[in-house]
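The chain that follows stands alone, in the form predicted alone, written as structure tokens.
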Amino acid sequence: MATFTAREMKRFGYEKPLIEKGYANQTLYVNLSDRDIAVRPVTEQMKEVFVGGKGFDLWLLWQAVRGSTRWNDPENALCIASGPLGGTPIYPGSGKSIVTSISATTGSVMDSNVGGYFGPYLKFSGFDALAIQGKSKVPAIVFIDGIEQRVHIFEAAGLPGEAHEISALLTDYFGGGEPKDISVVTTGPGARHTLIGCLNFSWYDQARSRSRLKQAGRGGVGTVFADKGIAALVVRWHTVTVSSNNPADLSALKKVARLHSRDVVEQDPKQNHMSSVGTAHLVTIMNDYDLLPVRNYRYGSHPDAAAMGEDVFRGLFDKGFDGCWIGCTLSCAHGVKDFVPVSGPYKGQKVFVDGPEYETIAGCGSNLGIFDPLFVVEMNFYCDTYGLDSISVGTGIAFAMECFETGLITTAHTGGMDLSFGNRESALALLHQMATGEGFGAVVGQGVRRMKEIFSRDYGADLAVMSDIGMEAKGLEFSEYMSKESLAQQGGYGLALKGPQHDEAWLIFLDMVHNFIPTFESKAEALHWFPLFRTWFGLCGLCKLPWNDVTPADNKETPEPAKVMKHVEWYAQYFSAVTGRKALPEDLIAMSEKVYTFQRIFSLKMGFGRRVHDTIPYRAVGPVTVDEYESRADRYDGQLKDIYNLDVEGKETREKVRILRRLREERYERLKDAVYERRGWTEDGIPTLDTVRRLGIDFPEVLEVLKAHGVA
């Protein structure tokens, strides 16, 4: 490998402001085409309407792009922000960054929430958000040095190719002997050769003396990053204390932080064991409730699921503190030490694997018909270091496997590869091909939406069949929950602004495990409240897991247990203590509704954001095939008889599949109507003029978008 060098192309000095009540009150702009660097103010209106984090990102992105902007146009912006509460070292889950861009995967607005230290360090270095436009002709490193108060653009040469090696090298190079002061954002070769690239955000694990990685996975933000010619973003900052955000009421902050931290420490060992196994605890629960995706979401459980359950990963994960932000008592970012891959460029070498979490276990395991935890760990490692979204990888390969098994594609199309479910070697081979842009992996790396187009156009596959089984909506691959029996989760996926990702409306647990939202009306109401409250975390720089993955001991006895209102009240106190803006729980929802509605209009600006775009494949709604129906025949027959008063006696399965489909699709459309009405949107899913005026987002350019789509 060539020796790494960094040749300075631009230096920009700035004066770091004092953080005031969680805000630096300025943003950083970098244009890689002309190497322009500028500091831009954060106005009081920005804080009032957009709050921070994802809100700031969306506003900066809106100003950067036109409705005709495509993901690989130089004017597309990559925006990263924390939030006013981000960087608090005593409150659980307060170290998040939020990335937004026009998505390489969907073509619309994408946001992705990620751990690691970058967002907080960026803010403490003097910037509430970073917006990058343009493209560099050479591999570029943007180094934000908050200690020296300088921004540099370097031309990089001799960098390694994979993300974990880049992060380690740059942490050492820029750390000046203090690696804990450095956070790196980078990607890998997979992002350059696919449309599903992810970003890796680093933090330095002092106990293990190594850089660790968390992923902003969804929507190809890593592909945008690579297309812009960015080799890495690096930020440098030093001491973080409870006073770093200069909170409005330090004593109130300490008081509420103690309450929530104590709740996590006391309740997590009794509940989901996040601090020892992270989200891996979900595998067994999802399997028990028939919600674990198996073989491209065809089934919801499998006898071998326990082989990848909580107890297995408890034994695999390296012991020790695993918080991806300072002081987080949930500390759920686990990893596997000294893992030895059996394939690829690191075959036979010991590596550290950050993860896997539930989504990767289900997507790259059960959804492929593979129940081997070591295989999943290897897929996890290569997805991360290649810069590939493990959800899109798993869901994409699962789709290709079903197409192969049903004869829609053959070995003539796969380059001779056997893509039967359960084939470990082929799945790994596809992953390595994605990283290099070679073979059939280059096709799978385009994502499910484009695979359907390619398989139909070039291979003659039946597009109608693929539309039923291709698990994408709005162009984004589904995350890893079976929604056939959960109308609430169907809406959570289909009505999510960016596509079927669980971080907006993860209602599967509340609906199917706890039965907290049993009626049609309660599901429609949940699809109003929950996306808004979950949006709020992205505005403030927070992780959602301490809110409802660990709950107070008396939560089930409270009037609204699904909402975990004791924690919601604490979050309102937390926001008030830091920002000085007195907030009640309902005020948090009001903040989010402004940004959430704005993002829907932003999608409309980009050519999306209507009712037709909230369609989901039928497999997310009900059984597509006779085999699926017959695997749960008692359930489906019972529903036809008990819910729809249909006599199933003597009816062939194919006819029952058809009838159930009509009924379930009608039910999903009724849900759309109910949710649109609750949100103040038209029947076509567009926010009304009254709604945008009520929310105070009736900016002239917003009204122009609405008028162009018949809302005036």
Partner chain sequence: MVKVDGRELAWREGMTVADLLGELRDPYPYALARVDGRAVTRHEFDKAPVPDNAEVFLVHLVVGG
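Positions refer to the first chain, counted from 1. Owing to the predicted nature of the structure, the values given are computational and were not obtained by experimental measurement.
If you look for the form predicted together with its partner chain, you will not find it shown, but the lines that follow are about it.
Using a 4.5 angstroms limit between non-hydrogen atoms, residue 514 touches its partner chain in the model of the complex. For residue 310, a non-hydrogen atom is located within 4.5 Å of its partner chain in the model of the complex, even though that partner is not displayed. Using a 4.5 angstroms limit between non-hydrogen atoms, residue 587 is distant from its partner chain in the model of the complex. With a 4.5 Å cutoff on heavy atoms, residue 571 does not count as touching its partner chain in the model of the complex; it lies far away. Only one of 253-261, 543-551, 158-166, 204-212 lies within 4.5 Å of its partner chain in the model of the complex by heavy atoms, and it is 543-551. Proximity to its partner chain in the model of the complex, defined as a heavy atom within 4.5 Å, singles out one entry of 373, 561, 89, 344, which is 561. Put simply, of 174, 289, 317, 629 only one has a heavy atom within 4.5 Å of its partner chain in the model of the complex, and it is 289. Within 4.5 angstroms of its partner chain in the model of the complex, the stretch 467-503 places a non-hydrogen atom from each of 481, 502, taken in sequence order.
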